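Quick heads-up: it's one chain on its own, the form predicted on its own, in structure tokens.
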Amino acid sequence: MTDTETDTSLQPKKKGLTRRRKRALSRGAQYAVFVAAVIAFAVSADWGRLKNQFAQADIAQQMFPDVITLALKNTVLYTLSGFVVGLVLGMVIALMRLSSVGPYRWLAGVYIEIFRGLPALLIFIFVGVAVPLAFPGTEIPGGTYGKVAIALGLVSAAYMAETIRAGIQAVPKGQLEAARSLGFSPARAMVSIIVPQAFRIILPPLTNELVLLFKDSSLVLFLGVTLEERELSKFGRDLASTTANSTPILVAGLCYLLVTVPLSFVVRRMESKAQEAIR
């Protein structure tokens, strides 16, 4: 061993922070910044003005029970009707997208690109204004409820179609081949074997689409609704204008969360169970 090697081996090793220590310090710094931001907000906010504008108990009490029995009920009805229309139409478009017939695939592709690219607001205006102008004397069944179902259904069908198509393609091809070997026709095999398995796969994203539709139902105000047809957003906005206070808007927002938070929790549970099943 040379003198140089001996000197090098005798030198003390440089001590530095380990990766684990660095991660702990980084995490601690992030927590400190977050706590500092919360404290700064709590100190600088004018809680008296916020309470006066958004948390008037007497105004909130005036909203009940109509906010539940009328506004929330209408919002749920609008959402469910749009979801049903979107699911049925989305299934048809998904099957067209997977069809071996070229024009079916092209038509489905054009529909998906158009209705995914247009804002939902434009679809509502189209259904509420353009359709009556294009077909004078034609009444959409169900009045406002029918218009909302069609508008929400047209928008959601484009997204559901791609979700359903992905779910069908995720089912192993051997399932279809096994069904055909048992004498099933292609249509019967699709309905009886493939689609039920696909829906087990796509149930979480479909539930997530239901949450999005619940929020998009607020666009119904652009159709022009009566007092009995108001949903949560319109109901809260009208009362806020009447009382010159924002408490009704806060209460309406809490009613939205009353539905969307449990649904979001259900989506996460279904996703975790699906991942466990894959493992």
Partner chain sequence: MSRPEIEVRALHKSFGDNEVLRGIDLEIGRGEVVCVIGPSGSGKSTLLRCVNLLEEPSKGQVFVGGTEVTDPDVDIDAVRRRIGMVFQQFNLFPHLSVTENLTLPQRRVLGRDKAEAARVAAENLARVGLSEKADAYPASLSGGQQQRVAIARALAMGPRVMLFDEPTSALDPELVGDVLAVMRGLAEDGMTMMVVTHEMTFAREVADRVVFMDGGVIVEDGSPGQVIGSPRHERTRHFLSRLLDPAMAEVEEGTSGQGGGETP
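Numbering follows the first chain given and starts at 1. On a predicted model such as this, the values are computed, not experimentally measured, just so you know.
There is also a form predicted in complex with its partner chain; it is not shown, and the following applies to it.
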Location of its partner chain contact in the model of the complex, chosen stretch of 110-118, 171-179, 157-165, 201-209 [non-hydrogen atom, 4.5 Å]: 171-179
Partner contact for Tyr104 in the model of the complex: its partner chain, 4.5 angstroms, heavy atom: no
Residue contact check: Gly183 to its partner chain in the model of the complex, 4.5 Å heavy atom: yes
4.5 angstroms heavy atom contact with its partner chain in the model of the complex for Ile193: yes
Any non-hydrogen atom of Gln197 within 4.5 angstroms of its partner chain in the model of the complex: yes
